[in-house]
Every structure is written in structure tokens, then in C-alpha cells.
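As C-alpha cells, one chain now follows by itself in the form predicted alone.
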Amino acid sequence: MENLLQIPSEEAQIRIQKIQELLIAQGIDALLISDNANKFYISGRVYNGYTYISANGNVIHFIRRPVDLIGDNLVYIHKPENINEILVERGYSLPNTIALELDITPYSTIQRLSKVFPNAQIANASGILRQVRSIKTDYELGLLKLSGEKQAKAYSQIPQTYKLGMTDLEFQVEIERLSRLEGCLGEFRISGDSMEIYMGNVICGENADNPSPYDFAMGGAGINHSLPVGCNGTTTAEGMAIMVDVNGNYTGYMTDMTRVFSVGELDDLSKKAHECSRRICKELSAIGKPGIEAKALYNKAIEIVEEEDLGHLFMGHRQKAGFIGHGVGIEINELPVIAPRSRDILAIGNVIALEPKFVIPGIGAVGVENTYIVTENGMECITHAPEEIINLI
């Protein structure tokens, strides 16, 4: 038998307490978790089942699969309808208000879970869980730093995998291979249905200017209309920029890092834009302290871009992205969001990927992306790899 909890019990209690504080503040009696990412947050593992958290302290893990798990307050069930019965058997008061993950759970599942608590008002748990997960504990930060170290090590090996005349797909396959050998889990968790992608992007040359269905600075056409993003079979050639933005999930917590490689020397405009990206990251990380508005970081980036007369290329050329950064963790699109209309306020423990990028027509995408931890003194980078454009030949 194996213990349900794969994180220290003290850590699990810290996370549960953060949730309970928000439940009390919002007048919600209990919350029922069914989403894999949120179950992983609570227990350190993914399982088939639910976790019930009441505002007054009761926590029960209702498990269907895998069998033979053990742990405190763990109950095996055959169907969600058993949850109500077990709460009554244990003498717990049934909630008058129950929060479900309305933003990400299928309608049919919400309907079924609502009937488990027929007399309860339904509230939305999604915002509560996103808010709680946006501020990482020291334990979580340790896992993110480890992912950053492993991702940087994988990136350091990229140049040796390149051969002149490779297609972007062949290059990406080699990068994916070395990433997996370094321990990358391959799982690219995304909240909701806003994006589909496999292991990340390797974007070469003119393909960087192909619009995708997603809110990307550069998307790429992809190799099939069922996954219209990323590499498209372009043959690499001298004068092209190759942007590498691949999976950083080595611990269940993801870092996000982008670096640019070139086939020969790039033109002066590409080099200028790349250095502008580095400047933006440096200046934003210095002012990104607790209490600053996320939109202030975005506005500062725009100020720098306009000063350098690069606005027409910033965050896309034919199609522009509406943000320059986003929270990361268990999922790649967590809070806070660095965007012009963002209402988020930076806090100690936020982990943010800054990605000020440029698309140069005929050349490709340039710019860096790093993952940072918000501290009292600014944003600490945890993705340490050379930021200069690396010539592959």
C-alpha cells in the first residue's frame, strides 16, 4: 500500500488552511475538488476521485482509483453520490453552500455533483483555487527552482543536437529527446481549454509570423490543422532565427524559458530587438516587487519598446499577443497575468514568466523568456541559461 499524500503533511495542511481562510471570507461552507491539477496541489498526486474541504476543518479524500492507497481521512467510493451518505454517517453537517470548479469542470459533471448536495447553493471554486495557488510555499518554490535547473541543463545541450539543413521538426524532436532524458515529464498542464500544445514550440524563420488560434506572440502553422501551432517542417537555413520554448516540467511544477539560436549571423534589427527583450526583463524584474500592479509592468515594457521604436514587432507582427507574462506552477497559465487590463497585484511567492518577444518578418522570433520568483527586493530569476543569441554554425 502507498500513502495518498506525496507531500509532507505539514505542507498539505498549509495549503488546506489557505483554502479554508478564503472559504470563510467568502461565506462558503465547503469546497469539492475534482480537477487533476488541484488534486495534485492538495496531495502531491493525481487520482480518480474528489477532495472535500469544509471551512470548519473537515477534509476527506474520496477515492475511486488507484486501489490500495492509505492515509488519514481517506474513503473509497464507487460513485460521487456516496459522498453525501458518508458525510452524514460521520456526523458532519451538510453544506448550505458548496463550491465546485465551475470554470473547468464539464457541465454534466457539475450537474451530477450538484445533485450530491441537493439543498446546497452552488458557488465557484475556480477563483479560490487559482488565488491560493498563485502564492507558492517554500516547498513549492524548491520544486520550481529544481525544474529551472534541469531545464537550463537541457537547454545547454541544444547546440550539439543541431545539424545544418535540419527541419524545425527534426530539431524539435532532438530537443524533446534530450529534455526527456534530463527528466522532463512531458506533461504540459494548461488550465481550461484556451490552448493545446505538445512539449512547447520550436519556431524557425518566417513560420514565426504565422498566426495561431492562441494568444501567442508567435504561434507557427504547425504540421497538421488539428494542432495548428509550432514547427511546420521549415528547413533551417542561414540567416534564420530559431526560437526554442519547450517544456520545463521536471517536478510537477513548470518553469518557462525561451532562448534564441541562429543559423549564422542575424541582421542588426533582430539583434536590437533581442537586446531590447533582455533590457525589458532586467528592468521589470527590478521593479517587480510586492504591491506593484501587474499592469504597471506591462506599461513599463511598452514604454521601453516605444523608446526603441520596436512597437510594430513587439509580441507579434501579423498577430499580437495581449500580455507579456503569466504566472506558472502546476499549470502554465496561472496568476498573476502581466497584461494591460490585469487587476492582479504582485505578492511575495508569485512565480512569473516574463516573455517580451519580437517577430522579425523573414528572420523569425527573437527575445528571451525567464521564470522569476517575486521577493521583497524584486523578481529573482530561476532559469539561468545564456541569454545571448547562440549561433549554431
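Position 1 is the first residue in the sequence shown; the rest follow in order. This is a predicted model, so every value here is computed, not measured.
Not on display, but discussed next: the form predicted together with another copy of the chain.
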Although another copy of the chain is absent from this view, report whether residue 65 comes within 4.5 Å of it in the model of the complex, heavy atoms only. yes
Can any non-hydrogen atom of residue 234 be found within 4.5 angstroms of another copy of the chain in the model of the complex? no
Mark residue 214 yes when one of its heavy atoms lies within 4.5 Å of a heavy atom of another copy of the chain in the model of the complex, and no otherwise. yes
Taking heavy atoms and a 4.5 Å cut-off, does residue 293 contact another copy of the chain in the model of the complex? no
Going by heavy atoms within 4.5 Å, which of 87 to 95, 277 to 285, 258 to 266, 194 to 202 lines up against another copy of the chain in the model of the complex? 194 to 202
44, 124 and 224: each with a heavy atom within 4.5 Å of another copy of the chain in the model of the complex? yes
So which of 312, 318, 115, 79 gets a non-hydrogen atom within 4.5 Å of another copy of the chain in the model of the complex? 318
Interface check vs another copy of the chain in the model of the complex: of 83, 104, 74, 135, the one with a heavy atom inside 4.5 Å is 104
Partner contacts for 1 to 18, taking another copy of the chain in the model of the complex and a 4.5 Å heavy atom cut-off: 1, 2, 6
